[in-house]
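Consider the single chain below, provided in C-alpha cells and representing the form predicted on its own.
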C-alpha cells in the first residue's frame, strides 16, 4: 500500500536517518522542508521531497491532501499512568484548600486511593476505561506511549494492570511500551513494613511479571517518603534479571538520590526532576539515561519546574512527557505539555518539540523507529490545519490544530 500525502506546507521533524536523540544545542534544530510531500509504503516512510520531485498519482494507491497543513511526527509520551480506576477530583479540591501531595498521601489518598478503587474493578472494566483515554491521546497527536502499572500494589492487581496494558498493545496501532511500577508506594496492608513490601516486589511480583513477559521496564518511585536509593537499586537489579531495564521516578519532592541510582544502574530515563540539583546535572553528563521533565505535573501541583535550561546548557538531552494520571496530572495533551515547556521552562519551540518527539522516543528505547520523519521509520504523524508557523503550536496553547492523525500510515482520525 502506497500513500502520497500531498500539498504539505511544512514537513517538520525530518532527519536523514540514524538520529536517536538530540542533546544540548542540537535540541534547537528542528529540520523542515516547505512545499513538500510525503510518501508512505506499507506503514513506513519511504520518501519525502520538494514538490518538484513529486511522484505521479498513478504510481500510488492513495492520495491524501494535506490542504496546506503542517505535518509533524506524532508525539512520543514516555511517562503515563493511563490504566487507572476512576477520577480523584476530591483531592483536587483538597489541593485548592492547601493540602500538599505528601499530606494527601498520609491521609490515605493519592496512590493508595487509586489502588483501592482498582482492586474493586474487573480487568474488562479497567480496559474499557483505559481505552477511552487511549483514543483521547491519539486524537491529540500521540503515536507512542509508555504506560506504567503501580495502582495495584499487590501481585494480582499489578498483573491485572499489566494485562490491560498488553490488551491495549494488541488492540491499537498506538506504539505501547509497558512498565512495571509495583514500587509506586507501599501497599496499604504493608503500612509500616516497607522492607517487607520491597521483599514482595523483588521475590514475588517481579518473577510473576517476568514469567508472563508483561513489562519492558521496571520503575521505582525513589523519593522522599517513598523508596530509598538502596531499595531502588535492589528492585532495579531484580528487574534486570528478567530483561526489564530500569526507569526512575526521582527528585520530584526532594533531592533524594534518584539521579545517582539511575545513572549507576544505567536506567533508560529518570523522570520528574523538579528538585534536580547542579550536582545531578553534572552526574548525568556522558550517560545513556534520558532526563525527562513532566511540566504538566508542576503546573497541576503548583510545584517548581525541572531546570530545563540548565540541562540543555550542560549539553544534556531532555525529554518531556505528560505523566497522565488521576491524581497529579489528569491530562494527556502533549501539545499543552509542549506549551508549558516553552512558557514555564523557557524552552524554544523547536527544543520542546524535539523533547516531545525524538527524545521522548529515546526515553522509551524506540527512537530507531519513532520520533521523527525519516526514511524507514514508522509513519506516525499528524496533519495540522493551516498554521502560520511551527512556533504557533506552543503559542496557541489551547487552540486545536490537528486535522488528521496517522499511525503506521493509516488514518486514525
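Numbering follows the first chain given and starts at 1. Because the structure is a prediction, the values reported are computed rather than measured.
Below: the form predicted together with a small molecule, not depicted.
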- Query: Just one stretch in 278-286, 321-329, 227-235, 261-269 has heavy atoms within 4.5 Å of the small molecule in the predicted complex, so which one is it?
  - Reply: 321-329
- Pick from 126, 206, 111, 316: which residue has any heavy atom within 4.5 angstroms of the small molecule in the predicted complex? 111
- Query: Pick from 160, 140, 184, 175: which residue has any heavy atom within 4.5 angstroms of the small molecule in the predicted complex?
  - Reply: 184
- Check whether residue 81 has any heavy atom within 4.5 Å of a heavy atom of the small molecule in the predicted complex, and answer yes or no. yes
- How about residue 221: is it within 4.5 Å of the small molecule in the predicted complex, going by heavy atoms? yes
- Query: Is there any non-hydrogen atom of residue 249 lying within 4.5 Å of the small molecule in the predicted complex?
  - Reply: yes
- Message: I'd like to check something about residue 75: if you look in the predicted complex, is any of its heavy atoms closer than or equal to 4.5 Å to a heavy atom of the small molecule?
- Response: no
